[in-house]
Structures are given as C-alpha cells and as structure tokens.
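Before any questions on binding or motion, here is one chain by itself as structure tokens, the form predicted alone.
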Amino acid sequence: MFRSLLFIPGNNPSMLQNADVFLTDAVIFDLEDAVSIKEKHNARNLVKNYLQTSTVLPKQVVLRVNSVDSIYFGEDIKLLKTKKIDYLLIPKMNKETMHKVDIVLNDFERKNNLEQIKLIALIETAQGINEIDYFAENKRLSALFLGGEDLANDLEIKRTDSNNEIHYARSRVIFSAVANGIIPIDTPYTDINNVEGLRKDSEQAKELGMKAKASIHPNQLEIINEVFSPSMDEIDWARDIVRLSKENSDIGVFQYKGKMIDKPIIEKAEKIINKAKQFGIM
C-alpha cells in the first residue's frame, strides 16, 4: 500500500545514503530516465552497493529498470539477487512489453530460485493506455503508474495545470487498476517550487480515484502524504460507522445523522480504518 513514492536517481550517492530517512512509503531507485547512458553502469553499482551494505532500508524499495529491449535490462534485474527489492518499475508498459518481461523474469526466477517478482507498470504512451486492459490483469502487477510527462510527449501536447489533457489517461489507469485489485499511482508534479499547485494536483487526482502519487523531490512528500491519507474527520466518521454496524448487525441497514447506511458504506468505512492503520495514523 502506498500514498507516496519518491524517485531517487541511481547515480546520486548523497540521496541514496539518505533514502531511509525520507518520509515516503516507497523509494524508487531510478536506473532509466534519470541516468545518462554514460552513467548506467555506475548507477547500477551504486544502488547495488547501497542495497548490500545498508542496515536500514526504506519501507519499500522499487527499482526502475531500463527497457526490456535495452542492453541494460539484463544487468539491471541482477540486482534482484540482493533480495532487497520489493518491486520492479517497468517503463513504457504495453501488451508486448508485459509479455517479454514475463518471459525474461520466469527464466530469471527459475535460474536463481526466486519467488515471483512483483511489478509496477509505468504507463507513458498512447499504446500503453489503449492496451491497459490486456496487461493490467497480469498476476505480477501490484500497481499501475501513470507517466504524464512522457505521455504528453507521445501525444505531442502540452502539460497544463488544468490536467484536462491527461484526464482520460488518469481515468483509464484508475478503472483498470481498481478492477484488477491493484493500486493506481498518479504522475509526479514537476514544479517542485509550486506548493499550492502540488496540493491542487494531488487533490484532483485523489478525487478521480488515484490512491497514491509519485514525487521527484523530498519537499513534496508532506503534502502528498497528507492528501492521500484519511483525514481525522474521515477516521472519526469511519469509526462511528464500524461501531454502529456491529451494534446493528442483526438489521443490516441503519441510520447515521439522518442518512441510511448499508453494506457499501460500511465497506468504505472499513477501508478508511485499514488505511489509517497501515499508514500509522491510528
């Protein structure tokens, strides 16, 4: 379960060494877009050394690997042998990419006696959006992650604060993720100095159904965690509903402050309580 995920370039030693102190639910060690071709080998070695030697790791570790068709993918996934990586983040995901990754990882797991490797699909092309329902049901997937900047580039459109241009893509990611019981993760907000813009962007994504948001700077984490956490008002409401549902278990439907409460509302309250516990709010 996530609220926030922080990108850390694999070739940034200072950020790597502080990865466990950032207030994020997961750290994404990036070996792809954040690392130039000349730095690929160095970045991989730095991340490997960090994973092998650090006594304290982030809550959850995600490794953003290079494309399955690149010359780097085979070396990138060898970091799984450290057994310190919780998820691989696969770029430019589409139906064909999922098929190729599945084949490679099946072989890698067999040769290295590893359990099934969990994936997060980074969806950043029009093809990926169109084919999302063909790969979202893959049992390796734990989350679908919208890459808004690359998608806008693929569509040759401009990103705006209104987010009208990615509304459809956000919705497709959300519906496919929820339908398959996995987590929809929203694209990062790239203006790291615009605090109000980040809050508005995060709230808009949450209202649509996103359950988490990626960040590109530690300063963004406080707002993201706040927006994607249950509020105290929501928790108090959920506690009341769960308590009353137990007291009225023999009748099923009951009233709360003039409103009828039935099974879907009770389930919503239970989810809020579960999230609050998972994120250490209760």
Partner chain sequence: MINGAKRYIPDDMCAFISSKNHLNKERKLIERKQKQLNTVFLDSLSDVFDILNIDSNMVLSFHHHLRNGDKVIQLVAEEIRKRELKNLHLAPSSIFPSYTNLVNLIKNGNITNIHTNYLNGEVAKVISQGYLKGKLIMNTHGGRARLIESGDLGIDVAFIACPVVDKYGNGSGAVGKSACGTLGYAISDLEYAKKVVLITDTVVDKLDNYQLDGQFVDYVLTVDSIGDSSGIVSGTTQITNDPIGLKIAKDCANLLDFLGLIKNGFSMQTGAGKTSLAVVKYVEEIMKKNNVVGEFASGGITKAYVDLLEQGLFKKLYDVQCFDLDAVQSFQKNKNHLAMSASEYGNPFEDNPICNKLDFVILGATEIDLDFNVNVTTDSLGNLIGGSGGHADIAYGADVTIIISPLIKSRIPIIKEEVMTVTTPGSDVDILITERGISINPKRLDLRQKLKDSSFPIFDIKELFDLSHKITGVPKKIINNKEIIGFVEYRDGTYLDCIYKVNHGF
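Predicted, not measured: the structure shown is a model, and the values here were computed from it. Numbering follows the first chain given and starts at 1.
Not pictured, yet referred to below: the form predicted together with the partner chain.
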Query raised in the report: Picking from 40-48, 227-235, 211-219, 249-257, which part of the chain touches the partner chain in the predicted bound form when contact means heavy atoms within 4.5 Å?
Result: 211-219
Requested in this report: Mark Asp20 yes when one of its heavy atoms lies within 4.5 Å of a heavy atom of the partner chain in the predicted bound form, and no otherwise.
Outcome: yes
**Report entry** the partner chain in the predicted bound form - contacting residues of 50-76, heavy atom within 4.5 Å
**Finding:** Thr55, Val56
